[in-house]
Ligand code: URA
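Here's a solo chain for you in structure tokens, the form predicted on its own.
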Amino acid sequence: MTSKTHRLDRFISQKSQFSMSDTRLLIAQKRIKLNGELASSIQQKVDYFTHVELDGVSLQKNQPLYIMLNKPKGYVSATSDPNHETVLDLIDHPRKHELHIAGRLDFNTTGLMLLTNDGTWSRRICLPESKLVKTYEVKVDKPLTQEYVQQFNKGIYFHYEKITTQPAHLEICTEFTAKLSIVEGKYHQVKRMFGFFDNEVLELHRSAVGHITLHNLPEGHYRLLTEQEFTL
């Protein structure tokens, strides 16, 4: 994660030959800039993406990176794995070593994955409090009925955690396929919800997270998010 912040004086002492106590004088001499503006206080906060200049030399100039990937089956949602290929193996970007995953998918689940170096952004994506809608396309083993729609909307009790899922919207497309929208990400949640009806999920594909959708991105491919997409 990359959301840790430091006071300016501590950052200067870590990144230059100057001490924390020197920073006040450097500010008075107008030698420090933060994001192009003259620094004004030793207590100003510096995070991973703050551009810091000292005497015109950049001490830090990190840029946020937001990527969407259309995950195929058979890839692990991790940045490294000793036994399997990971989603990071599908990305050919010079800064991919900075990335972490914002919302995992199971080994055989396909579809939209988001990767970033921005910890604050990924937490907003993943925190339950955000209630960000995740949309899935589901294929199941047994026929679907309106009973599913009603039960999903009421919520399904998970005995192991002793919780009831938040209301979910199920749209039946054919006898064996549906679109499901949920605002949570419990462990194997979608499969367990259909498991309430003893109905096995045969295929699961995530098509959207909030307003971010795959559109026509081919399976196994990735692209950078647009500013409109990564702005939550």
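When you see a residue number, it is the position in the sequence shown, counting from 1. Nothing here was measured: the structure is a model prediction, and the numbers come from that model.
From this point on, the text means the form predicted in complex with the ligand, which you will not see here.
- Though the partner is left out of this view, S122 does not reach within 4.5 Å of the ligand in the model of the complex, counting heavy atoms only.
- H188 belongs to the set of residues with a heavy atom inside 4.5 Å of the ligand in the model of the complex.
- At a distance threshold of 4.5 angstroms between non-hydrogen atoms, L105 is in contact with the ligand in the model of the complex.
- Although the partner is absent here, L204 sits close enough that one of its heavy atoms falls within 4.5 Å of the ligand in the model of the complex.
- Partner contact region in the model of the complex: 188-196, out of 23-31, 188-196, 40-48, 57-65, criterion any non-hydrogen atom within 4.5 Å of the ligand.
- Residues of 71-94 that come within 4.5 Å of the ligand in the model of the complex, judged by any heavy atom, do not exist; none qualify.
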